[in-house]
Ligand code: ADE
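Read the single chain below, which is given as structure tokens and is the form predicted alone.
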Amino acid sequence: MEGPTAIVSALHEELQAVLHLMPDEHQQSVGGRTFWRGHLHGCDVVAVLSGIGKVAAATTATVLIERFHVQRIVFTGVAGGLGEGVKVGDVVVARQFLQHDMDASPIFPRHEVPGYGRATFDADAALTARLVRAAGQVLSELPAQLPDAVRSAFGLHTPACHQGLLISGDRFVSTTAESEALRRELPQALAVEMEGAAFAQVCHDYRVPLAVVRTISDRADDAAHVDFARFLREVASRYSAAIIDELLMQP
């Protein structure tokens, strides 16, 4: 690949797992954020935490493009599952993004982003296809390597890779009432998180390819907080590092 690849994680534990793969990373601070420059499998990489929420995410995406001149962005993180059959321990690779809390009605239709004439933004098809292959390879191998106690605790039997609509908003969806309301309103949504749609809009503006993978940590319901820290540490961070490693090993 020519030009830097940005590797973005939503949470510190996931980013640390990726940084451990980079033998020569060094830090640079811009806009109150710490960026790590280095190499992974011969690729020039810029790694960073996105920050929580859409504003932080948009700022991070803009700095990556304007200051570091990245040629593509790959985002890895966790999300709450919404779609039927999307289970804890599965992964969702985004094909489209939507802000579920965007509402400028009645001037504009609900969810439409003013000035764009659209509610959804697309992931880059080619980069996403590569990410799907990487995620599928990892899911075929990594879950069996996890301790039995971890697989039992989270029901990790045959994790699947889903592709489709990922929705974002500036709130952590953690009640059954909220998740059911989102399913009624946006039945095509596979998962909900807080940053992806902001990255997608910025990448659309700059014409920078984006691909996003999210590990399902919960079902965005009343039990969303249960064992989240353990899942992040023992499952999601390992998924993130392995998927990025596999992605950058591809020709």
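Model, not experiment: these values are computed from the prediction. Residue numbers here begin at 1 and follow the sequence given.
There is another form of the same protein, the form predicted in complex with adenine (ADE); it is not shown, and what comes next is about it.
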Practice problem: Answer with yes or no whether Y116 is in contact with adenine (ADE) in the predicted complex, where contact means some heavy atom within 4.5 Å. | Solution: no
Exercise. Flag A197 as yes or no: does it have a non-hydrogen atom within 4.5 angstroms of any non-hydrogen atom of adenine (ADE) in the predicted complex?
Key: no
Quiz prompt | Touches adenine (ADE) in the predicted complex: A57 (any heavy atom, 4.5 Å) | solution = no
Quiz item: Though only this chain appears here, would V192 touch adenine (ADE) in the predicted complex if you measure heavy atom gaps against 4.5 Å?
Solution: yes
Practice problem: Answer with one of A123, L166, V74, V78: the residue that has a non-hydrogen atom within 4.5 Å of adenine (ADE) in the predicted complex. | Solution: V78
Quiz item: adenine (ADE) isn't shown here, but in the predicted complex, which of 158-166, 105-113, 78-86, 128-136 has heavy atoms within 4.5 Å of it?
Solution: 78-86
Practice problem: Taking only heavy atoms into account, state which residues of 164-178 are within 4.5 Å of adenine (ADE) in the predicted complex, ordered by sequence. | Solution: R171, F172, V173
